[in-house]
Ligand SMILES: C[S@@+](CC[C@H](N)C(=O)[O-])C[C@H]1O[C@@H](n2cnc3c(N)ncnc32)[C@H](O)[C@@H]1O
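Before any questions on how it binds or moves, here is one chain, the form predicted on its own, in structure tokens.
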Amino acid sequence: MRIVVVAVGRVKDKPLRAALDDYFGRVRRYMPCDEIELEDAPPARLIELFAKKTDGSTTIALEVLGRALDSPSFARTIERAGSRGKGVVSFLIGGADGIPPETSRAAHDRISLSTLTFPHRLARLVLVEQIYRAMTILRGEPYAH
């Protein structure tokens, strides 16, 4: 399995970038994990960019109105998604205006990190921490407790 986080916008804030790099490093102890930062663009261009960067992968769109999951359910969702197709799971994070509706509808799944609205860069950190937590859950390791 391989994880790809495809997000609109660049993280320039040094403390946030350091936290992201820390969690990406933790996830990479379990499996390959890539981060793709897309330029903020009009919806038609974002649809094209998301499609190009996730071709052949199982896509999961992060949406405020997506399915609410607890951490063990999220871990099982990743495990199931990783067993499909080429074993690549791509998480999609939109910019300030969210993910274009066409991209969201085309995703294999839509999940919510919370009913709260997060800035998209903070949502990326929460997502990567939850991916790391999911890996520890799937391996029965103590971080998740």
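In this text, residue numbers run from 1 along the sequence as written. All values reported here derive from a predicted model rather than from experimental measurement.
Keep in mind that the form predicted together with this ligand is missing from the display, and what follows is about it.
S.K.: With the partner left out here, check for me: in the predicted complex, does some heavy atom of residue 32 sit within 4.5 Å of this ligand?
M.R.: No, residue 32 stays farther than 4.5 Å from this ligand in the predicted complex.
S.K.: Report whether the minimum heavy atom distance between residue 69 and this ligand in the predicted complex is within 4.5 Å.
M.R.: Contact check for residue 69: no, nothing within 4.5 Å of this ligand in the predicted complex.
S.K.: Although this ligand is absent from this view, report whether residue 49 comes within 4.5 Å of it in the predicted complex, heavy atoms only.
M.R.: No - in the predicted complex, heavy atoms of residue 49 and this ligand never come within 4.5 Å of each other.
S.K.: Though only this chain appears here, would residue 98 touch this ligand in the predicted complex if you measure heavy atom gaps against 4.5 Å?
M.R.: Flag for residue 98 set to yes.
S.K.: Since exactly one of 88, 38, 106, 111 fits, which has a heavy atom within 4.5 Å of this ligand in the predicted complex?
M.R.: Among 88, 38, 106, 111, a heavy atom within 4.5 Å of this ligand in the predicted complex occurs only for 111.
S.K.: Tell me the stretch among 23 to 31, 76 to 84, 51 to 59, 112 to 120 that has any heavy atom within 4.5 angstroms of this ligand in the predicted complex.
M.R.: Among the listed stretches, the partner-contacting one is 112 to 120.
S.K.: Only counting heavy atoms and a 4.5 Å limit, does any residue of 77 to 94 reach this ligand in the predicted complex, and if so which ones?
M.R.: Sequence-ordered list: 92, 93, 94.
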